[in-house]
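Here you get one chain, nothing else, as structure tokens; it is the form predicted on its own.
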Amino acid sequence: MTSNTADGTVRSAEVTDRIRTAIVAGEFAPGQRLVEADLCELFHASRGVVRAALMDLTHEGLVERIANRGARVRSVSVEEAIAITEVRMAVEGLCAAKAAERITDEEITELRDIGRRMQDAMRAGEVLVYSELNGTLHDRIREISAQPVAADVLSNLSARNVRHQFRLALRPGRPQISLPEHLAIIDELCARSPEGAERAVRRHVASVIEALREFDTAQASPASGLVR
């Protein structure tokens, strides 16, 4: 449900979250117009609240505003997704190195537990659970690194790339590839090896880039039946 303020108005942050979720889930397709009047009715929100939510999502890179045509869901090409991920490789590598320097015994225990839960989710075929744990691991590495500027950069990059990340996470066989990479990252962090942690992260993100390229090739194939 949409939460209200004390005076009964819908919160802008709540509408932002709901539109973001709909975009990620594919309920709002790339290129689809986001008509303010329709969104007001859908979320029982004022035009000002909806307009503010769309502005927030524009800053995140999920929505774009076209002069005289309003807002629409921003389409991110595979080429742009790869470019974003290349930047992510450098910044996440930095965070991993810093996290390896700062990690505590308690945080080591926490990351080991996340790794075990990822293994359990993969064995059980719980793809969405695995994907959520994947995100949790990366979030914790950023938090442990205590690099707020890098964390802000990664948050922005992730928002712009979220649809490709979600679709990639659901590809058959992807967890079997990424799990050993994530466990290797955890091992290097727990060994408190900055160089090893950075290398492990860069290997993992390079694998993501390769998977994006394969996805692009599959979309371009006439046999795939997909339209780019």
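All values derive from a computational prediction rather than experimental measurement. Sequential numbering from 1, following the sequence displayed.
Separately, the form predicted together with the DNA exists; it is not shown, and the next lines address it.
- Highlighted residues R33, A37 and R69: every one comes within 4.5 Å of the DNA in the model of the complex, counting any heavy atom.
- For the options A200, V49, L179, C190, the one in contact with the DNA in the model of the complex, meaning a heavy atom within 4.5 Å, is V49.
- The shortest heavy atom separation between S12 and the DNA in the model of the complex is within 4.5 Å.
- Using a 4.5 Å cutoff between non-hydrogen atoms, R65 counts as a contact of the DNA in the model of the complex.
- Contact with the DNA in the model of the complex, defined as any heavy atom within 4.5 Å, is confined among 191-199, 171-179, 40-48, 56-64 to 40-48.
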